[in-house]
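Single chain ahead, written as structure tokens, the form predicted on its own.
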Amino acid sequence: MKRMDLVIAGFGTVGQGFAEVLDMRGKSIALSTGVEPRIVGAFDSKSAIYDEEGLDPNLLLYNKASGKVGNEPLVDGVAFLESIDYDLLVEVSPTNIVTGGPGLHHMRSALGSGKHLITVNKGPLALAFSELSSIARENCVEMRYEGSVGGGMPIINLCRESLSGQEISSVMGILNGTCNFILSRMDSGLPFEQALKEAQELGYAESDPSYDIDGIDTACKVVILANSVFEIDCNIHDVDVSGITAITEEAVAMAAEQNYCIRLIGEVSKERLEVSPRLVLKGHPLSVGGTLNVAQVNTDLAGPISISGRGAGRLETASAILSDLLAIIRSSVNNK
């Protein structure tokens, strides 16, 4: 049986979730495709581990619970990647929207070395999507990133594959569950600060929530959709961004009187890249509450199509990585 050897860069919540899911699904993937996906390496910010014969996902999870994923100190992720043999990098290290962080260097190294890439790391994609795509093309490898927008909500595959052949005029959506939770709590009369505090207490918002509430996270996802669906060569600096910090309970109440709610909407079209709070008619697909993500794709043949799902979470995001892995495996089988 053929093998596809994987390395996981970043072994936090998502990396651990993917290891768990691959342990659950690996045998069935091998039986259905004839290709056995194996984890041969993994690293976090402090340690690394590699075994060309394959690593037990449960061992990796046990090691991480004990403190570090590996027993070898990690000095440089790129140097580690260049020292080992593998076929595909799963890059799930923490995102950095300012510089791209180590993740950007990991991606360049993998693609430049002829390795496939799956990532949910939004920062590098929002800053250097065109460059990374070009490196992938030049080296005849695949770069997939379904989990970077909407977590378990398959918006990218919907647009690029299920709706192929149709003309998509725009994609509009709620792409940040934290903001949606805050705004839906404000629908109940809570002021912004109290709704934010509740989101933090429940673990939906970070202690520094600016990345979410200022609209930056949504803007990253707008950039990824713009590049992948509309083939617009853009980055985070091309998006017009407004967050939700200025929304008052009075504004929410006034909207409700007219049968509207306020939601943070990311819009992508060839004419507009925007993130802003907008009035949404109650009952519209984009009027959902809680932490759900939802998107409406406007097409010429099928009309508006809506999709929703959990935008974050250990297994939800891991499911998106798994779908990307299956797509790459099937493509590799079909091309041989």
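As the structure is a computational prediction, the values presented were derived from the model and not from experiment. From 1 onward, residues are counted along the sequence shown.
A second form of this protein, the form predicted together with a small molecule, is not displayed here; the remarks below concern that form.
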Using a 4.5 Å heavy atom cut-off, state whether residue 217 contacts the small molecule in the predicted bound form. yes
Give a yes or no for residue 146: in the predicted bound form, does one of its heavy atoms lie within 4.5 Å of a heavy atom belonging to the small molecule? no
Taking the small molecule as it sits in the predicted bound form, is residue 121 near enough to touch it, meaning that at least one heavy atom pair lies within 4.5 angstroms? no
Should residue 22 be counted as a contact of the small molecule in the predicted bound form, where contact means heavy atoms within 4.5 Å? no
Within 4.5 Å of the small molecule in the predicted bound form, counting heavy atoms only, one of 205 to 213, 75 to 83, 251 to 259, 223 to 231 shows up; tell me which. 205 to 213
State the residue from 177, 154, 243, 100 whose non-hydrogen atoms include one within 4.5 Å of the small molecule in the predicted bound form. 177
